[in-house]
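Coming up is one lone chain in structure tokens, specifically the form predicted alone.
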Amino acid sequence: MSLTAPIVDTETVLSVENLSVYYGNFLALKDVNLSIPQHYVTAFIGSSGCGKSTLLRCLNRMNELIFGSRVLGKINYRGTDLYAPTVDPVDVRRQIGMVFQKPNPFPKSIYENIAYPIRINGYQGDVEELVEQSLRDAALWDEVKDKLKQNALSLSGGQQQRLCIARALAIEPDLLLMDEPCSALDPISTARIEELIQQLSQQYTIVIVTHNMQQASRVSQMTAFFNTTSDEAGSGHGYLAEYGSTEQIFSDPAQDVTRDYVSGRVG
């Protein structure tokens, strides 16, 4: 049974109401209800296949790029239904940016990785200034300021991921989604990204999917635990098992299944 998200004493940026997601005839995620509070880091945790990345993609309509996907229910972003027929998904993705699991810099210079997308989005300000500010916000400027013309693919994995974060920030989003941003990185790079997430949460609302429960406990203030039902055929759908403050989820969860997962007994 899904639990409705608790009331948080801050402004709600985004709310999910009775959300279910299908891929063709397969029900991937059922009846999710939760609210994302402003300037918080919210972590989605759970085992593989429980629907946490599916939900993340729904939050900025990236799921529509997957053939056969279908969303039922509502996602309200600051009072607007994101799936209303009049809402342009491109505009949604400008407001709600995304950083993917594997760093995906463009095969262009470091500078053009930031400048190119803001140009095609019609930015009329000082491009050089915004490139520098975005790289500073991603804690990368000091490392690359003397080699902005170099190909971005020459950077280390951790630097590439911070470049992708800078690229997302350059569009000036309101909310930032991160799908396991540290899973392909070494421990030192992971620590840098985690520190960056905490710094960025002062300016942005962030939702992060992670398999690393220690990471969730370190960087987030809210945590949603997703689980999977089982049917006679051995498959089932994902659902939101519990949502609350990170401290509560990890120290005093309301559901036995949550306690088993965060304690490492299952998962």
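The model shown is predicted, which means the values in this text are computed figures rather than measured ones. Heads up: residue numbers just count along the shown sequence, starting at 1.
As for the form predicted in complex with a small molecule, it is not shown, yet the points below apply to it.
Within 4.5 Å, heavy atoms only: does Arg57 come near the small molecule in the model of the complex? Close contact exists here: in the model of the complex, Arg57 approaches the small molecule to within 4.5 Å, heavy atoms only.
Please tell me whether any heavy atom belonging to Gly49 falls inside 4.5 Å of a heavy atom of the small molecule, as the geometry stands in the model of the complex. Judged by the heavy-atom cut-off of 4.5 Å, Gly49 is in contact with the small molecule in the model of the complex.
Does any heavy atom of Ser220 come within 4.5 Å of a heavy atom of the small molecule in the model of the complex? Ser220 lies outside the contact set for the small molecule.
Can you work out whether Arg70 and the small molecule are in contact in the model of the complex, taking contact to mean some heavy atom pair no more than 4.5 Å apart? No - in the model of the complex, heavy atoms of Arg70 and the small molecule never come within 4.5 Å of each other.
Contact segment among 33-41, 49-57, 197-205, 212-220, judged by heavy atoms lying within 4.5 Å of the small molecule in the model of the complex: It is 49-57 that comes within 4.5 Å of the partner.
Does each of Phe100, Tyr239 and Glu242 have at least one heavy atom within 4.5 Å of the small molecule in the model of the complex? Checking in the model of the complex: none of Phe100, Tyr239 and Glu242 is within 4.5 Å of the small molecule.
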